[in-house]
Structure formats: structure tokens, C-alpha cells
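Consider the single chain below, provided in C-alpha cells and representing the form predicted on its own.
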Amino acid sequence: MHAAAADLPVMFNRVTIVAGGATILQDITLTLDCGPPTILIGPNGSGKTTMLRAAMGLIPATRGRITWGGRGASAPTRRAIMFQRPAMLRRSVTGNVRFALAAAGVPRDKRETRSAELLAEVGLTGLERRPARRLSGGEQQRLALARALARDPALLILDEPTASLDPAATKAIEDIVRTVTARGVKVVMSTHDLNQARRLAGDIVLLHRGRLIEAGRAQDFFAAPRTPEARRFIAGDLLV
């Protein structure tokens, strides 16, 4: 279990992020702590990806402060991120995972065993020698998850991991999310799929135009949203 991991909680304290003269996130205050998945929702351009990258430590706050376990500028030793369109290395499936294990500092003599464990966890056993770029879209996403898990993260950040996947591939990713959550990994994930948010979320964060509109327990959010924007978004109306 990673409940006491030094990278948690991640705290946004009045964070504003400006890029190219445009305000991407504005005055965000939020705590991401141990527990079930936190799911970010909101229309395109709402700031979800920027917030995930900031939580990883890839984008600094223009104003305000982000801390990890009470520390600023924390090295992301126990954090991992999977982007919406992860690049596959020109290597085999196993080669991709071994590269990630090497980057994570796993000793060479342990990489073979650990690689097999990770591929089993994401359901890719039997595809070890296949070129990664010849995998299906869903298989590539699962391989990207295996690479992220090679860091043994306490915090796993997923940016639209099931975008464009069919239902079977989506279910495979969701099952992995449930598995890693059960062993104590904190998952923070964005999605456009409200049904997926209902299935996975312990907490919901709704963003719109770079602002945090509503955040709280998923059960409460879907049963009794507090804001007009949340009620409209759940009803399927467009937020513009």
C-alpha cells in the first residue's frame, strides 16, 4: 500500500497557469489525497490536461503554489503519467517495459521478472516479442500503463486513457484502474465519458474555462449537483 507515500497529498493553493498570454487555469484550490480515483470532467479546453500535467510537476504555477506531501518542487519519484496518445518505442513489448524499468532505476537483474509481472497485470502476456507499434490501440494503451506502473507510483495520472477505444478495450483499462486502486495507488484521471466517471470515480472535479466549478464525492455530485453548470453538464447540455 502507498497510503503514506511522500508525494501525497497534492495540494493546489490558488493556482493560476498562464501560457502564451492565455489563462489556462485560474485560481484553483484543490487537494488530491489517498483514496479512490479522482476523475476530472469538463468540456474540451476546460483545463483538464493542464491540471494533470501540473499535478505531475510538468507545468509550474504562474501564480499560487502546488505542493506534494507538503513540499514544493518535489522530484516525481513516486508519480507517473500516461498521456492521451502515448508514443510507442521502436522496440518489442517487453523492450518498452524494460526501458521504463531502467529509467525508474530498477536493477538490471530484476527487470525480466518485473517486466513479466507488469505485462501480466495489464493482460499482455503472450505478446512480449511483438513490436509495440504493431499492437492494437487498446493494447498500446495497456502497454503504456505497464510502462507507467514500472515506476511503482503512489500517484498515477491518466489523461483520457480510453479515448477512441472500443467498449472491450475500455473495460480492460478500467479493470486495471480498479486493480491498482485496490492496492493503494491514487489514480487521477480525465475523461469525457460521464458513464465512465460514474463507474470509476470516488471524487469528481468539474472544470470549465479553467475554473474549478465543483468538486466533491462522486455520489453527491451525480445525485445533487450544487452548481447550474454541473446540472447542465450532467444533463448533457453544452458548456460554452
Partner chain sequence: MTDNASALQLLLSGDPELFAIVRLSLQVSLSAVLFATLIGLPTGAFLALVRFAGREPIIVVLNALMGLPPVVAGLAIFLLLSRSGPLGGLGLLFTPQAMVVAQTLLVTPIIAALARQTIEDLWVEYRDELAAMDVGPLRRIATLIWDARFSLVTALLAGWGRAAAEVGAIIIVGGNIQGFTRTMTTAIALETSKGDLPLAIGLGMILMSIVILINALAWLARRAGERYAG
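Residue numbers count along the first chain shown, from 1. No experiment lies behind these values; they were computed from the predicted model shown.
Keep in mind that the form predicted in complex with its partner chain is missing from the display, and what follows is about it.
Enquirer: Looking at 137, 126, 131, 72, which is the one with a non-hydrogen atom within 4.5 Å of its partner chain in the predicted complex?
Expert: It is 131.
Enquirer: Taking 81, 89 and 99 as the candidate spot, are all three within 4.5 angstroms of its partner chain in the predicted complex by heavy atoms?
Expert: Verified in the predicted complex; spot residues all in contact, yes.
Enquirer: Taking heavy atoms only, is residue 142 within 4.5 angstroms of its partner chain in the predicted complex?
Expert: Contact with its partner chain, no.
Enquirer: Are any of the heavy atoms in residue 53 no more than 4.5 Å from a heavy atom of its partner chain in the predicted complex?
Expert: Output for residue 53 is yes: heavy atoms within 4.5 Å of its partner chain.
Enquirer: I'd like to check something about residue 151: if you look in the predicted complex, is any of its heavy atoms closer than or equal to 4.5 Å to a heavy atom of its partner chain?
Expert: Because a heavy atom of residue 151 falls inside 4.5 Å of its partner chain in the predicted complex, the answer is yes.
Enquirer: Can any non-hydrogen atom of residue 120 be found within 4.5 angstroms of its partner chain in the predicted complex?
Expert: Although its partner chain is absent here, residue 120 would stay clear of it in the predicted complex, with no heavy atoms inside 4.5 Å.
Enquirer: Heavy atoms within 4.5 Å of its partner chain in the predicted complex: which stretch in 23 to 31, 208 to 216, 187 to 195, 54 to 62 meets that?
Expert: Result for this chain: 54 to 62.
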